[in-house]
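Only one chain is given next, in structure tokens, and it is the form predicted alone.
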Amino acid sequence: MVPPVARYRFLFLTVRQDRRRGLASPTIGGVPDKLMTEDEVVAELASGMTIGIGGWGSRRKPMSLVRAIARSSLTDLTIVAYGGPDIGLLCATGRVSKVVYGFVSLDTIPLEPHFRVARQTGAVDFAEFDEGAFYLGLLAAAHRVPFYPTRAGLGSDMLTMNPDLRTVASPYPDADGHHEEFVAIPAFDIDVSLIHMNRADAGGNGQFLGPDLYFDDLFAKAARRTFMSCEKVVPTEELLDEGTFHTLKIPRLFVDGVVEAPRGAHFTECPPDYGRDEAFQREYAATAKDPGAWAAFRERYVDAPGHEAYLAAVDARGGSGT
């Protein structure tokens, strides 16, 4: 039985708070039912939006949602992410006009090859931050402040490559009366965030069971709306069966829709449920050098009519990633 104190740590949010975000979902025992499909999430998006995508490199990316965007008619998107195949895939399918990133990597393949093509050919605009500065942009948005100051970037090419960045003097002088100068990292203006969790309930409480949250909580809080896919939807009272309350980092207040998508992060890793499908990742990466191979890959996997069809194609290939 779940101890009452632990249970209320993730049930403390009220229906009144959900209404504040404009939710009108049916309820289950007083908790809104936010279950959706990938295509229903995409129907909530619009061309020109800024989309934040959680995960880290080729780790726990909401790939079923990314593929749904890739096969949609959306265009002119700005993507904000610690990037991986999410950015590469959306660049390769022509959905993106700008990328804001700390890096774009497949981890075992250091630089995402489809993003490399887009970057080198000038197909997308970009804003490149170091990892720490990117974090501060997320944090500022989550905390609803216009910027956060940092010493990171002073004297570096980060300022050269981002001429819109400004510096700010500390209002507090040091012992010598000097007002120290800082880089002012602006809050990211994110319309919608997409994240992937190991477990969730229908009301939008999300749970990670792997080694790292990868700032997905900040993505959820930074955006005006957030949609979360997960490996499995479970009853709220079962969220503590596989992890302590410390793993419940996504409160339903910050989630507008939940998509149950087993293996929804494939081909990226989603431990402890599964590791990265390295063979599939290599096949994907190789298509960046061969237009014919990319066309065949896109037709078979990216343009598959839904997540189940995608998994069927992956399994027919013999590489499930599980």
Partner chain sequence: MSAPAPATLDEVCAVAMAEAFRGDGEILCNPIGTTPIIGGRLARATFEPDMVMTDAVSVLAANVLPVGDDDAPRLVEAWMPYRDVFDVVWSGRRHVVMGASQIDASGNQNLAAIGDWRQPKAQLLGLRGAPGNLVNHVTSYWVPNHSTRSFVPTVDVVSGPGYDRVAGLSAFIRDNHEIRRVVSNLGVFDFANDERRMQVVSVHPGVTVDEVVEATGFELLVPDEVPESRLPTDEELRLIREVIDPHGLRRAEFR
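Treat the numbers as computed from the prediction; the structure is a model and nothing was measured. Numbering follows the first chain given and starts at 1.
The same protein also exists as the form predicted in complex with the partner chain; that form is not shown, yet it is the one meant from here on.
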Exercise. Do residue 71 and the partner chain share at least one heavy atom pair within 4.5 Å in the predicted bound form?
Worked result: no
Exercise. Is residue 103 close enough to the partner chain in the predicted bound form to count, meaning some heavy atom within 4.5 Å?
Worked result: yes
Exercise. Do residue 115 and the partner chain come within 4.5 Å of each other in the predicted bound form, heavy atoms counted?
Worked result: yes
Exercise. Given that the partner is absent here, does residue 155 sit within 4.5 Å of the partner chain in the predicted bound form, heavy atoms only?
Worked result: yes
Problem set entry | Contact residue in the predicted bound form, from 254, 56, 284, 267 (heavy atom within 4.5 Å of the partner chain) | 56
For this session: Flag this candidate site as yes only if 244, 279 and 301 all have a heavy atom within 4.5 Å of the partner chain in the predicted bound form; otherwise mark no.
Result: no
Exercise. Using a 4.5 Å heavy atom cut-off, which stretch among 212 to 220, 226 to 234, 71 to 79, 198 to 206 contacts the partner chain in the predicted bound form?
Worked result: 212 to 220
Problem set entry | Any residue of 174 to 204 that, in the predicted bound form, places a heavy atom within 4.5 Å of the partner chain | 180
